[in-house]
Ligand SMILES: C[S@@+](CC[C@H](N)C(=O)[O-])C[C@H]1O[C@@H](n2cnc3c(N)ncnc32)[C@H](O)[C@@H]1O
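Just one chain follows, in the form predicted alone, and it is written as structure tokens.
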Amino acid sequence: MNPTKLFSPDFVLGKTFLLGRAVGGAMGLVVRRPSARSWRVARLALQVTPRYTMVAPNRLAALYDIVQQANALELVGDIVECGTWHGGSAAIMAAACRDDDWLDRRSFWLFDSFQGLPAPGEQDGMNERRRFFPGWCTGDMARVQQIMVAHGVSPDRLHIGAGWFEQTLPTAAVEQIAALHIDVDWYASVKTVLHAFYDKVVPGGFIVFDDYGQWPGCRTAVQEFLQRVGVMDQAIVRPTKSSAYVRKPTTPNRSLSSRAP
């Protein structure tokens, strides 16, 4: 059997591994930064792992902090996530808004194929193509709705886009984005999301790449795209070993609509 499939959350071994990582990671959050806030984020992480997310607690904590920064800066716009799986990381972002009394000022746009990951391409590497299997990371829309409602998001502020990004993102009625979370693994998927949504991120808004340090295709796609729109490599912030984020420049910068392909 493909070992990646064996350790996926579809199997008991994968679920056990994710639960163990979640408990250890949550304890690590509290030990490194003992505070009421750390306890709060650690509890949130354990509420969503592994049933609703595969994202490690330190990355969930970073995501929580980033959304709270967006709230503190009073950035207009919504929360958008591409690659939502069962909704756990989106729920962490909702919790950050709820804790800041911002839930009634933002909508949540969550996109996923709900059919699993697409096959990786040439830019993603031989190892990734060898490990791939159809249905890897298949999300569950019912779980997404369940966990988002549990974290206080009203149905009228929750928008779930089901289908391949090439079909769903270009027609999505998203207008302004305060925080964009990209957890889509592969080169082509990252490029598709950035092309669809970069111009909708507000000046000073946050773009978070969950897989920047894990998948080479993701990293390459991010670097190529940022160079194209004139964002320097030094702007990339690494809150964890795996994840990264940038803030969209607050001064006028290149947009996709003004650049040739």
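All values reported here derive from a predicted model rather than from experimental measurement. We number the residues from 1 along the sequence you see.
What comes next is about the form predicted in complex with the named molecule, which is not displayed.
For the options D156, E175, E74, E166, the residue carrying a heavy atom within 4.5 angstroms of the named molecule in the predicted bound form is E166.
The stretch among 30-38, 194-202, 231-239, 54-62 whose residues place heavy atoms within 4.5 Å of the named molecule in the predicted bound form is 54-62. The named molecule is not shown here, and in the predicted bound form it never comes within 4.5 Å of any heavy atom of W102. Residue contact with the named molecule in the predicted bound form: G125 places no heavy atom within 4.5 Å of it. Looking at W109, you'd find every heavy atom of it more than 4.5 angstroms from the named molecule in the predicted bound form. Looking at G116, you'd find a heavy atom of it within 4.5 angstroms of the named molecule in the predicted bound form.
Contacts between 70-102 and the named molecule, taken as any heavy atom within 4.5 Å in the predicted bound form, involve E81, G83, T84, W85, G88, S89.
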